[in-house]
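In structure tokens, the next block holds one chain alone, the form predicted on its own.
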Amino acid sequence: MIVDLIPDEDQSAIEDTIVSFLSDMLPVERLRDAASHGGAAESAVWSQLCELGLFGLGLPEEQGGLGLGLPEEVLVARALGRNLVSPGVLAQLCAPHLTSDESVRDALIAGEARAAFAIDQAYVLDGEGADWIVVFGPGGASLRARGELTLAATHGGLDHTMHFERIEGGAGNTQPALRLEVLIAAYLTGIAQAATDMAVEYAKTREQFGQPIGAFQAIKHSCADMATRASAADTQTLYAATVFGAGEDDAVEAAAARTLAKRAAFENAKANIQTHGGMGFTAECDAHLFLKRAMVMDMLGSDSRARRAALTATA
């Protein structure tokens, strides 16, 4: 089967719109200010996010959506990852797919009800103000009303720019969440691409021995490896989205996307820190934010063992 992974004119317009909006309203630099943590910056522009029509992008028109598909949602999720947008925005994109209740779905699409992600028996991510929680558990995910769950405040977390709450109550009756797996992969791919861009830009401007460090072979090779990893993850994620529901093995394609996206996000974030040298290990440099967010996002959905099992079953 021949698959065209190059976005068409309409898809490019969607991506350009969200990328431009995020660059203006939610740049990564916002996370240097504690007042923007925990999804606060996203809440401040929530009405504008809703006006972009993101949350019904991939739903059929008869369900109140725009009638597009997973490829368009992937373009949005990738842009969210590039700017380290709160996971709550991605949860809002995913949540309408998990309910058959028309009133709940309409409220989520309109942004009148808020959603957040949770790891089963672990943590809710940036869940302040959320009405619904997308809880991952064995076999997939479920949409649970916040009031059904027992939540407790906790202090600190792997990513200091996020707000964590302990969760008790479990995932309940889960349903397959392969669509969500692909969207999480897209977010991770966005992190990988942003880390690459940051490293390349620094390599062009930072000088040692009278020349940019990008002229040195070790830095060249590192940046080339970063670009290759990001491109491989992006290609597989777009492929998984494009063939989703078209007769391919969606579980295998989603597992492959998650596997490549995790590797690209983790390795590129670490390489970006190294490229920045001693400064890369300081809180004043934004490089550490990409690694921390990648580690948190990879905790959502399937684990590495499940992905390996899906992939090796077809070997």
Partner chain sequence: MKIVESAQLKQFREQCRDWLADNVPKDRPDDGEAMRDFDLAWQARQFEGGWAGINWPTEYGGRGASVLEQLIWHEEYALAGGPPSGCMFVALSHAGPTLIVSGNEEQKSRYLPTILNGTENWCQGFSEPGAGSDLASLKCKGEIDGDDLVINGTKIWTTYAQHARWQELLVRTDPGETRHRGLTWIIGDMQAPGLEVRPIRTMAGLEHFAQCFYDDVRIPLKNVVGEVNQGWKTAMTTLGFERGTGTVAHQIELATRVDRVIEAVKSAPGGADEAQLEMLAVLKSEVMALRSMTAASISRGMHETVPGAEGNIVALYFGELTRRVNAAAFDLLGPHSLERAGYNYPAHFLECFKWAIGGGTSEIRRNTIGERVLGLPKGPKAV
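Numbering follows the first chain given and starts at 1. In this text, all values refer to a predicted model and were calculated from it rather than measured experimentally.
Absent from the display: the form predicted together with the partner chain. The rest refers to it.
Only one of the listed residues (A130, C223, V85, L180) places a non-hydrogen atom within 4.5 angstroms of the partner chain in the model of the complex, and that residue is C223.
Checking L59, V28, V252, V45 for any heavy atom within 4.5 Å of the partner chain in the model of the complex turns up a single hit: V252. The shortest heavy atom separation between Q11 and the partner chain in the model of the complex is within 4.5 Å. Although the partner is absent here, R146 sits far enough away that none of its heavy atoms falls within 4.5 Å of the partner chain in the model of the complex. Under a 4.5 angstroms non-hydrogen atom cutoff, the partner chain in the model of the complex lacks V19 among its neighbouring residues. Interface membership of G280, defined by any non-hydrogen atom within 4.5 Å of the partner chain in the model of the complex, is confirmed.
Stretch 232-240 is the answer when you ask which of 89-97, 232-240, 187-195, 134-142 has residues with heavy atoms within 4.5 Å of the partner chain in the model of the complex. Shown without its partner, the chain has G214, A215, F216, Q217, A218, K220, H221, C223, A224, D225, A227, T228 in segment 213-229 as residues with a non-hydrogen atom within 4.5 angstroms of the partner chain in the model of the complex.
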